[in-house]
Structures are given as C-alpha cells and as structure tokens.
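Below you'll find only one chain, the form predicted on its own, shown as structure tokens.
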C-alpha cells in the first residue's frame, strides 16, 4: 500500500490551490477526467459555457498577483453590469438602492416600509458570521432572513425582492433561513442613498463584486488548467469510495487504497461524511441536519449578436421559473461564435427533484419572451443542461451548530474540510484559493 503525507480530495479551486502551494509530498484525487470541480467549462457548437457564473472578484494583494501570473494575458477586466427584472421593468442592482423606474406603487411601498423600519428600530450593522444581536447571557441568536430584511429595509423591499428571490434561490421560506451569510454579500446603502435611488437613475456600484476578472479564452476552467500545470501529483478519474478515519486510509472506486497522515477534502461536507467511517454518533446525527439546494443550469446559444449588454439579471417574481440569467458573451467576446449571443439560465430545486427537461425549456423560453430578452424569431443554435447537485448550502437554524460540531471533530482527526462545500458555507472563488493556500501552509508548518 502506498503512503503519502497529504491526500487531497477534489480538484476544485480550493483543492488545486492547496496542491499548488504545498511544499511537502501529496496526491490529489479528482473524480472527473479534468480539473476544476464546478469551475469547469463546456465547449459546444462553438460556444463556451461554465457551470453557471464563476467570476474572479479579487481584493487580496496575493490573489491580485497570483491570478495574472497564472493566466498571463488571458485575462479581461469587467465592470459589473447587473440588473433586476420585476414589475415589468429593468432596474439596476442592488434592488434596495435602485427602485427608480419601477411602478409608483412599488416605489411608495418600498420607501414607506423603509421609513416604518427606521422608526420602529434603526438597524444596526450585521456582524460577519452572526445573525443579529446576542441573547441575554451572550449566546448568539441568529435572526431569520425575514426578520433581518424587515428590520433593515422594511416590508416593501421584502415583498418586491428579498422574500420571493431568496425563496426561489434557497427553495425554503425566508422564515426557515438565518441571516448569518448575508453581511458580506448583501449591500447596505444608507437611507439617503436608498431614497435618492428611488428618484434618480444612478450608476454607483455597491458590493464586493463591483468589478471582476475573467479569462479571455477558454472559460473559467482556464484557471483550473493553469493551476494544474504546476501540480505534479494530480490523479484524474480517481473517485474516492471510502475513507477510513481510524486507519487513515482512502480507497478509490477502482479499488486502490492509499494511506495518509493528513487529509484535505473539498468534497461537499454531507457527501464526505457519507463516505467516512467510523463516525461518532453525534457527528452522524449532525450530518443528517445538513441541507442544500441543487441547480439546473440551462445553456442557450442564440444566433443574434449582443442581445443585451448586461452581465446577469435577477428575476425575483414567481412567474419566472429562473432566479437568474447570465450572459457569457459579455464576460469575454471569445465565448461565442461571431454574430452570436449566449446565456445561462439558473433554476434552483430541492435535491433529488430535478425539473423535466422539455417542460423547463418551454417555461424558460416563455419567460425570456415575456421580459423581452428573446424574440420569437430568434434562432437557438445550441442548448444544453448542466446539473449541479450540490449548489447552495442552506443556512437554517441547524447549519452553524452542526457545521461547528462536524468541523471541530474533523480537525481533531487531522482532516481539513475546505472550500465552499467542504466548509459548508456561502463563499466565492478568491476565498477558496486563499483557503487552499492557508491550508497548505498549515500542513507544511508541522
């Protein structure tokens, strides 16, 4: 039996980054025949499609140097052009800062709700990683998403965007979600900015993703390939079947067994725990509480140039089956054949309940015709579906205590569970890359 100091499971961004930065010996196992995990790209009919939108929002000095080093001149910078479509109108992202252009009744409801919320209790900043003020005695009590929205923006903003949009995305009620994940990702403009945005068409950018980098050619998987060039011990088509934490052994689907000292996993936490043994009863019980959503990603290639200048559009209303539509041809003009446009359409569903392909295509086309993104004369020259079984972690009341219990136990077993799904969190590509680097440095320091 072969022995290795560090075994890395999963060739997504965090796993690739960990391998790239490790100085000691390792092997990386990836079940696909290519690296990248969900950060992979598909080439079809001259179009390039990712597994939905994967963009590089870089702020850390290290990644701002690393990514250009890896991709060289295969990189373009975009200023975000994101919108919302609701009440028959396109408005700028974020909704709470840009209600100009919506029907008068909608604007009035949003502003009235904001005023009522301010008069009831001026909102306080939501600390990162917390859902609201502590209970008496100091124990954190996560607020529900509904309560946080009502306290922060008021009932109107909740009714016309936050509640329907988040229910579409997470597939559960805003009352079942906590607000723990929201602080870094949901912009909080001032009251003055919200009021100004109701009467003026402003272009001020908000949020962590106001600009983004993207590969000029090859889609987002170009970054995975760039990492992989410097990774010597990557094993593709090597799917893990079982992990024996007691014996510190991993067995692949092909029957190969490898022993290790340290294990790094970026597999979805629930999936990893299903493969691992033995598990204490409290860890097995905590694993059963983990919840997530799946995403049905419909990709379309259209024989019409520049059907929009937008990067992506949010759709909060129930009459549209999709919660977001993005346009890869605006990330880079190398994503489509000449004279064509492309879009990815995202529909969330509960695990094990995927939408019907034919009915979904018909419903999506009706929605795209209705909002004016497509004309009935447009010719669709490419279409395909990418399923993402584990797409978004559901932040309910069980998520944080269960995850803390599980990750603490895994740490005691010298298992680093990292990345968006290994850490069972809401995050972005830069964070995955940095977490992979930090994990490698921690292993090498021992």
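Fair warning: this is a prediction, and the values are worked out from it, not measured in the lab. Residue numbers count along the first chain shown, from 1.
Missing here is the form predicted together with a small molecule; even so, the following discussion is about that form.
K.L.:
Since the partner isn't included here, can you check whether the small molecule sits close to all of 10, 31 and 391 in the predicted bound form (heavy atom within 4.5 Å for each)?
P.N.:
Yes.
K.L.:
Looking at 275, 155, 183, 234, which has any heavy atom no more than 4.5 Å from the small molecule in the predicted bound form?
P.N.:
It is 275.
K.L.:
Counting non-hydrogen atoms within 4.5 angstroms of the small molecule in the predicted bound form, say which of 375, 282, 239, 356 makes the cut.
P.N.:
Spelling it out, the residue with a heavy atom inside the cut-off is 239.
K.L.:
Among the candidate stretches 401-409, 37-45, 378-386, 59-67, which one is within 4.5 Å of the small molecule in the predicted bound form when only heavy atoms are counted?
P.N.:
Single hit among the candidates: 37-45.
K.L.:
So in the predicted bound form, is the small molecule close enough to residue 427 to count as touching (4.5 Å, heavy atoms)?
P.N.:
Yes, residue 427 lies within 4.5 Å of the small molecule in the predicted bound form.
K.L.:
In the predicted bound form, does residue 170 come within 4.5 Å of the small molecule, counting heavy atoms only?
P.N.:
Contact check for residue 170: no, nothing within 4.5 Å of the small molecule in the predicted bound form.
K.L.:
Quick one: does residue 267 come within 4.5 Å of the small molecule in the predicted bound form, counting heavy atoms only?
P.N.:
The answer is yes: residue 267 has a heavy atom within 4.5 Å of the small molecule.
K.L.:
Is residue 346 a contact residue for the small molecule in the predicted bound form, using a 4.5 Å heavy atom cut-off?
P.N.:
Yes.
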